[in-house]
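The chain below stands alone and is given in structure tokens; this is the form predicted alone.
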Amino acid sequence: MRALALLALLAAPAWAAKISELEESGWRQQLERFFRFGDPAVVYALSRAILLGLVSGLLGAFIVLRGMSLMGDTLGHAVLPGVAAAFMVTGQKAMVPLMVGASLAGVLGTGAVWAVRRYSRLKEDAAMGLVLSSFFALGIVLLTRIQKSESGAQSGLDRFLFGQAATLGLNDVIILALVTVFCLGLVGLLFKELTVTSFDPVFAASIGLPVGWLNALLMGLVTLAVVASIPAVGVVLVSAMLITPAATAQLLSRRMPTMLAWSAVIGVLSGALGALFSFLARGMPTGPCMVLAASCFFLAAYLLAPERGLLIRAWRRAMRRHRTERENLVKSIYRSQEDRDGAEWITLDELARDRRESVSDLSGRVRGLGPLVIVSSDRVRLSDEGRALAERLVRNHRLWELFLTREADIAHDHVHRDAEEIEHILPAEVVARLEELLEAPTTDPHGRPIPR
């Protein structure tokens, strides 16, 4: 029954310019009405937003990987004069002729970028910026002329600047659905070829792939997606839906299939949340809400991505620094014991002198080592766990010093600082390889024993 109700809603027209322009009610009632899908405007806007997010996220991943982020912006602005010209020719704002005009303008804009790059010394970003500004200026001039004409007040073409997702009807949703299915099919069919040309076009050409045709196909798909998306988000924001989900996905994954999946998911979620926010916040157009939702996802990934997040990396650096300080203190206790003929216990005064610190500063940090040390009054010694850690660090340090002096021919008094840094991160297999290469040495360049 719910499916029949949804079909009935899809067959009805959408009247609101924004999906929040509905009956006044509290935000809880609005939220309940949204998830009941009881308003035609909600169904159209949500369907359009999800489809737009899916196709934009999918194609945007290839655009970002190719370093052509500005191309989406260029295409978005380039189609505006095509929309205006189509209206001037037909005198009506039917979606099909407007999309045909936008597509032709998009192809012309892409060709203009290629021609400027091919027959001038301008780089790609300069060529795209030139085409973007020129085509957009032409579109504004044509729109101004239309607005001053007799039918200008009723043209409604201003929605192509900023988008009005909720004014779209069933035909608009069907068109975007067909575009999405077409793009998904071609990307799935040519996934390997598009991936290779995105990462290494020279290698792709060397194995016989038609790089030029694949690039043209991708630009054609992007143009098609941009044209289908503009009525929902407008030429000003369409590039954001191409780039932001893909940029977010790039922060979350290093593998192409995973990046594509993340980009598509983030695009869909951004579309759905944009439609929801537009419904709850009365007076807010859907397109900008979608872009803001995508931007929030990017900000979260920028700060909290497992490998590349700014806050996560800062936290890891702080933890690494803390661990290094603890390990250096453990090693200092071992060295102090070693310098005193292997004494089991050393006093905090002796350790402080060796480290050139005050006893008051050192005492708290020694006790903070926990199970790595045993503290008795003013004396300290390493536990079995602490001694094992100290021996591993000292062994790494002295093996690395010996390697640098023997194999790299570096003076023995110039290797300490480098060994101090690398002793904390040398993997066990590398240490084993060093021992094998150096023929199981027993002393370092300074004559000190290397722990076994």
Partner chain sequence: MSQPPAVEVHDLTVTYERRPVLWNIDLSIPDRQLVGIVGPNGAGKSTLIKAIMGLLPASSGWVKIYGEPYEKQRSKVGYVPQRDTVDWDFPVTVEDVVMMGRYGKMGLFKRPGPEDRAVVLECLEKVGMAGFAKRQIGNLSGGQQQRVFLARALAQDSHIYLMDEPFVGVDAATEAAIVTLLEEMREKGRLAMVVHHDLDSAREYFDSILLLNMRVVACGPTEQVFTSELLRKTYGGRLTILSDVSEAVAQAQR
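These numbers come from a predicted model, not from an experiment. Positions refer to the first chain, counted from 1.
A second form of this protein, the form predicted in complex with the partner chain, is not displayed here; the remarks below concern that form.
> So, in the model of the complex, is residue 188 in contact with the partner chain at a 4.5 angstroms heavy atom limit?
Residue 188: contacts the partner chain in the model of the complex.
> Taking heavy atoms and a 4.5 Å cut-off, does residue 355 contact the partner chain in the model of the complex?
Taking the distances in the model of the complex, the answer for residue 355 is no, it never comes within 4.5 Å of the partner chain.
> Can residue 302 be called a contact residue for the partner chain in the model of the complex at 4.5 Å between heavy atoms?
No, residue 302 sits far enough from the partner chain in the model of the complex that none of its heavy atoms falls within 4.5 Å.
> Since only the chain is shown here, I'm wondering whether residue 114 would be in contact with the partner chain in the model of the complex (any heavy atom pair within 4.5 Å).
Contact with the partner chain, no.
> On the criterion of a non-hydrogen atom at 4.5 angstroms or closer, are 92, 145 and 147 all touching the partner chain in the model of the complex?
Heavy-atom distance to the partner chain in the model of the complex: none of the three under 4.5 Å.
> Quick check for you: of 333 to 341, 117 to 125, 284 to 292, 377 to 385, which stretch puts a non-hydrogen atom within 4.5 Å of the partner chain in the model of the complex?
Going through the listed ranges, the match is 117 to 125.
> Answer with one of 426, 65, 415, 70: the residue that has a non-hydrogen atom within 4.5 Å of the partner chain in the model of the complex.
Flagged contact: 65.
> In the model of the complex, which of the listed residues (208, 306, 364, 370) lies with a heavy atom within 4.5 Å of the partner chain?
It is 208.
> Which residues from 244 to 270 come close to the partner chain in the model of the complex, meaning a heavy atom within 4.5 Å?
Those in contact are 250, 253, 254, 255, 256, 259.
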